[in-house]
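A lone chain, given as structure tokens: the form predicted on its own.
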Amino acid sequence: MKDYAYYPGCSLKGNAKHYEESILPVFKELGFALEELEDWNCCGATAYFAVDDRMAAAICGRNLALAEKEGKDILAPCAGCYLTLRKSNQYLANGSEEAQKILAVLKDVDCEYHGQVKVKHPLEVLIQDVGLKTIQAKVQNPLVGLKVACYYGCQLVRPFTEFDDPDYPVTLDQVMAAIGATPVEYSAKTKCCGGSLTGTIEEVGTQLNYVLLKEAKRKEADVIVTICPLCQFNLEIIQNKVAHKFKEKFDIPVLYFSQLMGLAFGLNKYELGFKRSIIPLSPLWEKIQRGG
């Protein structure tokens, strides 16, 4: 298996700690001993490109240079980090005068970069490097009867579309099916959750999340699985406000796909970050225990 430099980003060290607590053991089980990129820095998040694209590319360029020194590609679980690092990689490779200035500055601070690093998301690696058959072979406790709404969000497959369809992606659905779960036909899978709007223009954020929760409930999903820390946070934390505004209660658990993979692989559920869930998980455990 190919070695990757694991880039956690800020979220996986904070509010998305349960993502890290599940992605690392799952990938270890699959033969990847992920080592954290040494001395990594914040990617600036996607919003920084709208403020100062040159500086945004520069701070991400440092991470790319560090990975290149290690001779590894980057594995970025956070959809926002993945997108920002990918954008920066493209920006620095376009040959523009601005890109050349950034590369020169990076070289001056001992972070010379030659464009040799690829940025990948874990889902991409699972499909392309591992394969569904290998995932199936690792399953000890298939999640039979568990209905999952696979939520990709709006950053993973847009604008970079090398490994999935930008309008109706299926790779997460395929992985969930490989561990025995039943993906529902979730038409809202790439609709935006509002991102930071839940904290800035709350009415808009609440409405956007209501649409996502409503569709998952309409399709009778037991759980929403996602790949993005901000999406996970929004869909989970907003449910009380949605219930108050729209007079409709949901209580749908919102988990990372790696948490369900860990369960299916027979890993200790108490070490996969489930304790961090806000929505009660007892109905989920009952559903899994009785096999649907």
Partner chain sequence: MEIQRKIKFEGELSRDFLDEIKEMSHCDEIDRCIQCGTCSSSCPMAIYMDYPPRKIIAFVKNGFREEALKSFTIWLCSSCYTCQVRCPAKIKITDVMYALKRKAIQEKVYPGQFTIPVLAREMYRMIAKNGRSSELWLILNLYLKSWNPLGLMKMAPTGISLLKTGRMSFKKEKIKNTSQLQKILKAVKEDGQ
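For clarity, every value in this text was computed on a predicted model and none was experimentally measured. Residue numbers count along the first chain shown, from 1.
Keep in mind that the form predicted in complex with the partner chain is missing from the display, and what follows is about it.
- For the options 243, 45, 267, 30, the residue carrying a heavy atom within 4.5 angstroms of the partner chain in the predicted complex is 45.
- For the options 170, 132, 184, 106, the residue carrying a heavy atom within 4.5 angstroms of the partner chain in the predicted complex is 106.
- Of the candidate stretches 70 to 78, 196 to 204, 120 to 128, 141 to 149, only 196 to 204 has residues with heavy atoms within 4.5 Å of the partner chain in the predicted complex.
- Residue contact with the partner chain in the predicted complex: residue 260 places no heavy atom within 4.5 Å of it.
- Contact between residue 115 and the partner chain in the predicted complex is not found at the 4.5 Å heavy atom cutoff.
- The partner chain in the predicted complex is approached by residue 14, whose closest heavy atom lies within 4.5 angstroms of it.
- Contact annotation: residue 219 falls outside 4.5 Å of the partner chain in the predicted complex, judged by heavy atom distances.
- Every member of the trio 49, 154 and 166 reaches the partner chain in the predicted complex with some non-hydrogen atom inside 4.5 Å.
- Along 262 to 287, a non-hydrogen atom within 4.5 Å of the partner chain in the predicted complex is carried by 275, 276, 277, 278, in order along the sequence.
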